[in-house]
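Presented as structure tokens, the chain that follows is alone, the form predicted on its own.
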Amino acid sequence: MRLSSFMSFLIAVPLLLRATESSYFRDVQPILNKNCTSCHQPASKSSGLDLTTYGGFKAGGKRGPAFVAGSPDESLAIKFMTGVLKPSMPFGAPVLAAKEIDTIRDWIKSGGKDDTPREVTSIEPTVYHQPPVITAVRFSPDGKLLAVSGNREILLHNADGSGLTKRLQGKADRILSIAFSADGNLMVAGGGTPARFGEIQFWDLREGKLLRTAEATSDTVFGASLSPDGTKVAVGCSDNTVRVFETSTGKELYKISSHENWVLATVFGIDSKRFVSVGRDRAAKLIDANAGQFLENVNQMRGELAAVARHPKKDEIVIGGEDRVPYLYMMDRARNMKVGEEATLVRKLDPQDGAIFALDWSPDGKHVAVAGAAPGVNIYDVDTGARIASCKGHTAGIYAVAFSPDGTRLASGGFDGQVRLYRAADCTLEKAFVPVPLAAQIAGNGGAQ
């Protein structure tokens, strides 16, 4: 399976018949997200204008409301986009295509209504008739729990697979990444509902309580990572941006538009001051986490990238994706680099049997686990590059892999809907289980969940 095919699978939804009338949510917002929100967003409100929400678009900025419902020719947005008013928008970029301007014009003419889907106010536990694809697994820092992605929920299991302890229901249809604070009190999940919204969830793990959520873009978000100091969360987005949020409030601090394609994974450095993001543009980009500024590319670009993990004790990363090879890099240059030189490359590991979708580094920093389109997990010795074990048993691609905090156990999950727990030293299978309660099982237990 190619990386692009995998990502298309993750966000695929049934095609909807389009109405002839322009839609803000379906048609206008994607145009604004693509062309305008890099300047007009909460973190950098040029001219006091925020175009990330319908409310901000309607309110306008320092010059007044951005549009007059029913009257596109009187609307400031249209005047700036067509060059009637200067400077023409988007500022410093090519003018919008005539088709895009016509879409916004038609929407304003038809009344400029907000058709953004409203939040679900009542969330019922999902009833599963078959195991869902597993896209995220992560052990709690104390090693007692294993968090597993489900449909509109996160399932907390005993770390040894002996039983389900709690179901945490949320709004997002899909959870694509899970991260924990160092003290284990906070759990962060990233995902969303395809073609509708991306969501970051902040959970009090002890109470099983949803503290807050944050939304970003009109599609799911990928690769949520939590800074070691617990203050920030970074996520990748399908609008080619990386967005960073404040954990204490859920407020978006800034977004970075240095990638040229979807951003699929992020990881912070040891001191929380920088992070690396990877994506379909093949680049592993080093970002200043305080200033929100792109610093440099860490890698030499090859195939599309889907995964990144950091050494637990120093600023080294492993990346992987479409070209099937895991690469180990230092986050910092050892010296000035010449064109075509890879002074930051530590080692490359064996080519895998398919594209790489998931990576994890053992807590002692000695081993790296690699998983993807092939139905197995390979574990490597970081110092020598030798493969020390191969974990078998899955029947299809693997989208999530995680070492336990003590490094003795490895968890994996993917397309076949089963979590598998292996002894990390030699990949002996300890347990395989479906992490969700199936309808047939519930019926057999008299309806109990």
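Throughout, rigid core stands for the largest set of C-alpha atoms superposing within 1.5 Å between the two forms. A residue's number is simply how far along the shown sequence it sits, counting from 1. From a predicted model like this one, the values you see are computed outputs, not experimental measurements.
Beyond what is shown, the protein has a form predicted in complex with a small molecule; the following relates to that form.
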query	finding
Distance check, residue 51 to the small molecule in the predicted bound form, heavy atom within 4.5 Å	yes
Touches the small molecule in the predicted bound form: residue 35 (any heavy atom, 4.5 Å)	yes
Contact test in the predicted bound form: residue 312 vs the small molecule, heavy atoms, 4.5 Å	no
Proximity of residue 405 to the small molecule in the predicted bound form, heavy atoms at 4.5 Å	no
Complete contact of 158, 167 and 208 with the small molecule in the predicted bound form (any heavy atom, 4.5 Å)	no
Interface segment, criterion being heavy atoms within 4.5 Å of the small molecule in the predicted bound form, picked from 133 to 141, 301 to 309, 240 to 248, 91 to 99	91 to 99
Residue (of 328, 76, 253, 325) lying close to the small molecule in the predicted bound form, criterion heavy atoms within 4.5 Å	76
Heavy atom within 4.5 Å of the small molecule in the predicted bound form - the one residue of 197, 202, 294, 80 that qualifies	80
Core-aligned C-alpha movement of residue 262 between the shown form and the other one, 2 Å or more	no
Exceeds or equals 2 Å, Cα of residue 82 between the shown form and the other one, core fit	yes
Threshold 2 Å Cα movement between the shown form and the other one for residue 104, core superposed	yes
Cα distance between residue 193 and residue 52, which in the predicted bound form differs by 3 Å or more from this form, closer or farther	closer
Cα-Cα shift for residue 195 and residue 57, closer or farther in the predicted bound form, minimum 3 Å	closer
